[in-house]
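Before any questions on how it binds or moves, here is one chain, the form predicted alone, in structure tokens.
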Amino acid sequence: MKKAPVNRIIPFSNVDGPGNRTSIFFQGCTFHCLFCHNPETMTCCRSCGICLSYCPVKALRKKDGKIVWDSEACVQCDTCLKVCPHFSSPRVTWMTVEDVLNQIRRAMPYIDGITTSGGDCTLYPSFLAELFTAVKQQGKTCLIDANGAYDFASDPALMDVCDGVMLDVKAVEPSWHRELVSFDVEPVLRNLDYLLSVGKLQEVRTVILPNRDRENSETVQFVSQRIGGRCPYKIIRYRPFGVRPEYRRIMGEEETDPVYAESFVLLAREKGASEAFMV
């Protein structure tokens, strides 16, 4: 029976795709983004035990060499996440598709669909295909929030049951992309073209960083000319909240100015992305 590590499930969200959605966050990621707002989802727990002595309510213990989390005792203070040196979380549950369905069942009458995210949910493609098949049988849509590392063109079974992909394009210049996320940009751009070609590109997102005029402009122009008016283009302001302190020292404590970010919305529209907007 397939299992995947689930970091958390948000029953109702209106920012993870169209309509009201349930968002499922998986653990583990192929990218290590310097501006990640969910850095505790990057890697799976190594059971190093560093977090044990920091938990104020003793909701963590070690059993048979593994960290065990007591969800009922936990007060969600996030201390364990802040002290973990491995960009991980001990508050992860390995779930079957049936486990996920049971947890989201109460929300199903009130949502338009589900969105799988992370981390990088595409680390578990066969799990997603099985989950999506079950959810679509209930008349709901299924979206993937993706960093673009996974080769969607190689997985027709997943594409058949996926209604769309919300794709991050963080940069287009190869060396800058690798510096930002520790991963090559080529797979992302191949996915951009493929998803456009099969009508499965739900949305493209780019984070606008302060004081990076050239890099921001290159990315926004490239994406805008590629997508035109075929899908929304979300221009996201960089915010240091949630970014690990060691990464904030690199990225800076300055939030992207709204007027500065809006200038890239205008640039995107000028270059053809008629549905560009800022958040």
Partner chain sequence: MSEALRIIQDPTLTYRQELVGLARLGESTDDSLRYSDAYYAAKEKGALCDLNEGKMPFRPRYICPDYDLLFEKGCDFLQLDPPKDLLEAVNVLEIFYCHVPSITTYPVYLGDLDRLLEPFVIRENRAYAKKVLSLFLRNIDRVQTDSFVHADIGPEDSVTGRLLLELTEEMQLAIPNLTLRYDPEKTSDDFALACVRCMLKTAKPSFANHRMFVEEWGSRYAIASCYNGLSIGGGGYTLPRMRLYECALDAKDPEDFIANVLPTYIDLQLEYMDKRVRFIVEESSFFKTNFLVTEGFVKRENFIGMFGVVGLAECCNHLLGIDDVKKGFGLNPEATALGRKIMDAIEKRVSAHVAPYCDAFDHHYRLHAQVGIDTDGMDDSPGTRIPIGAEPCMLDQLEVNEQFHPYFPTGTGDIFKFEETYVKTPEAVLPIIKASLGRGLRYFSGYLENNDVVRVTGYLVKKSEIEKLRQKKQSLNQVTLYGMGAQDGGHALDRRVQHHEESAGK
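Numbering follows the first chain given and starts at 1. Remember, predicted model here, so these are calculated numbers, not experimental data.
The same protein also has a form predicted together with its partner chain, omitted here; what follows describes it.
- The candidate spot formed by R8, D16 and D168 is fully in contact with its partner chain in the model of the complex: every one of the three has a heavy atom within 4.5 Å.
- Looking at D112, you'd find a heavy atom of it within 4.5 angstroms of its partner chain in the model of the complex.
- When contacts are judged by a 4.5 Å heavy atom cut-off, S47 does not count as touching its partner chain in the model of the complex.
- Although the partner is absent here, S117 lies within 4.5 Å of its partner chain in the model of the complex, judged by heavy atoms.
- Using a 4.5 Å cutoff between non-hydrogen atoms, Y247 does not count as a contact of its partner chain in the model of the complex.
- For the options L180, V207, V204, L128, the residue carrying a heavy atom within 4.5 angstroms of its partner chain in the model of the complex is V207.
- When its partner chain is considered in the model of the complex, only one residue from K66, K58, R230, R239 comes within 4.5 Å through any heavy atom, namely R239.
- The partner is not drawn, yet in the model of the complex one stretch among 128-136, 99-107, 157-165, 171-179 has residues with heavy atoms inside 4.5 Å of its partner chain: 99-107.
- If you take 36-65 and check each residue for a heavy atom within 4.5 Å of its partner chain in the model of the complex, you get C36, H37, N38, in sequence order.
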